[in-house]
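First comes one chain, alone, set out as structure tokens in the form predicted on its own.
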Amino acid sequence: MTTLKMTIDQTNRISKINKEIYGHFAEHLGRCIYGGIYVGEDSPIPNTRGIRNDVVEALKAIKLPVLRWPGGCFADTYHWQDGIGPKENRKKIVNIHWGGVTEDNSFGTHEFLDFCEQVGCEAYVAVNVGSGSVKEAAEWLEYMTSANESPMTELRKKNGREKPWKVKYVGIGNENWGCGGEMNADYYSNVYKQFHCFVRGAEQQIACGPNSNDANWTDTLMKNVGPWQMQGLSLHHYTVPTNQWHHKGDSVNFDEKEYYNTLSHTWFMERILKDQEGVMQRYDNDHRIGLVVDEWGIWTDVIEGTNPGFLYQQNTMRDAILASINLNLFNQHSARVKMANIAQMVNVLQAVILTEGEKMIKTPTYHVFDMYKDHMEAELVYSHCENKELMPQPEHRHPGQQVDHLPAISQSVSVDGEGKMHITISNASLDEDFEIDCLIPRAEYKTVSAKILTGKYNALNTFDDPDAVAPKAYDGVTLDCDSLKMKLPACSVLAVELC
């Protein structure tokens, strides 16, 4: 077993880890909303006002902090007044982006905000910029958030909601460089400023940021819009195993070579964060504007036999390692990264929950979020771990891969308000265990506890075996004064708490 040395400086407090880094995204796409979150009040599946009770309880358990809705590409075709009022009178629409299906708008503004209240999370609403108007967006925020006497508040009360909701975040469009209007950065900057003038009611406005690592888009938005007209700049980046959008790779049937390839692509997120931070720093040295990674995760080919427009894929230990890498990176960059939203919450892409009728399972990715939740609102502290390169062999490399290496170890460390230290660390190697010999100078912790998630790289949970991959209490961690030793098996995610 190889020993790697690690150091934690608990006195070097770097930044607060916003709870919103552990956020989620739910779009009107496939079975994310209908069947995943919402089944209707008449469903035999236990629900509260049509919202699945099992999904609500699962999300409460991981302390879901914020949910982005209604999209995604769907947001820039969504007209909110289609989704209010008596359900039998709501307008039916065709989802042009995702499968061309007709939906009845039975899940709209009231249902979404009810869902947020049931779970106990903040609402992040993306308004329609691509095919909507400033007036439409302004009236939507007024409908949701205003306590004043006005036509929109009267309409809300008529539809059954007396007091206003709190909407903390509003996104001004989605992917406006693509499905949100095919705009260039200068044009979108002017559009954003127009919406900014009139769309009131949310605490923070988030502008559409770059597609992956497009520094020019970010530079233009930071220069044109500036730190006084937006509180966040969004960023979208997906890990595609093969790096080819026409054939992305299978979510279950992949080999070790594709496993390593996938995780090497995942580490490109580190390059993106550093590059984007560099651009933003030139205009905003005080970190007034947060980087909001509001779509991230793995994107594979759909499960065979399912609607290709529904983006339904399975979730394995590979995805757990991928989630660990990303969340550790977001923690490490939390001075600038203020929110992140995995895509997507239920039944779509790297979902934390899968449903099938009345059945529900928690994916390996769900369990990573559960293991990492103690970082929320804690302070990031300095940590450094020796590492090992996992991809020196040419056969592990793909011609299109975006980085030249894959570190075995990913880690982040925080200290919470009660003084407890939380260490999350993962091992991406499939054939090598490590012993982490960690020094924490001046540590006075007395007890240690740990949980581990591990298994074969393509291990997964199914509706017949929902707990095949699940965290377990782990005794492979020992504490002796300021010395912490952690045995880290191959393909594993470990969460440690020191008290």
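Just count from 1 along the sequence shown to find any residue number. Worth saying up front: this structure is predicted, and the values here are computed from it rather than measured.
Omitted from view is the form predicted in complex with a small molecule, to which the following refers.
Contact with the small molecule in the predicted complex, judged by any heavy atom within 4.5 Å, is made by just one of G72, P364, G209, G297: G72. Between the small molecule and the residues N174, S324, T262, N341, the one pair within 4.5 Å by heavy atoms in the predicted complex involves N174.
Judged against the small molecule in the predicted complex with a 4.5 angstroms heavy atom cut-off, the residues F25, W98 and H236 are in contact without exception. Of the heavy atoms in M391, none are within 4.5 Å of the small molecule in the predicted complex. At a distance threshold of 4.5 angstroms between non-hydrogen atoms, V127 is out of contact with the small molecule in the predicted complex. Contact check for L29: a non-hydrogen atom falls within 4.5 Å of the small molecule in the predicted complex. Heavy atoms of L311 reach within 4.5 Å of the small molecule in the predicted complex, making it an interface residue. Of the candidate stretches 341-349, 424-432, 119-127, 190-198, only 341-349 has residues whose heavy atoms lie within 4.5 Å of the small molecule in the predicted complex.
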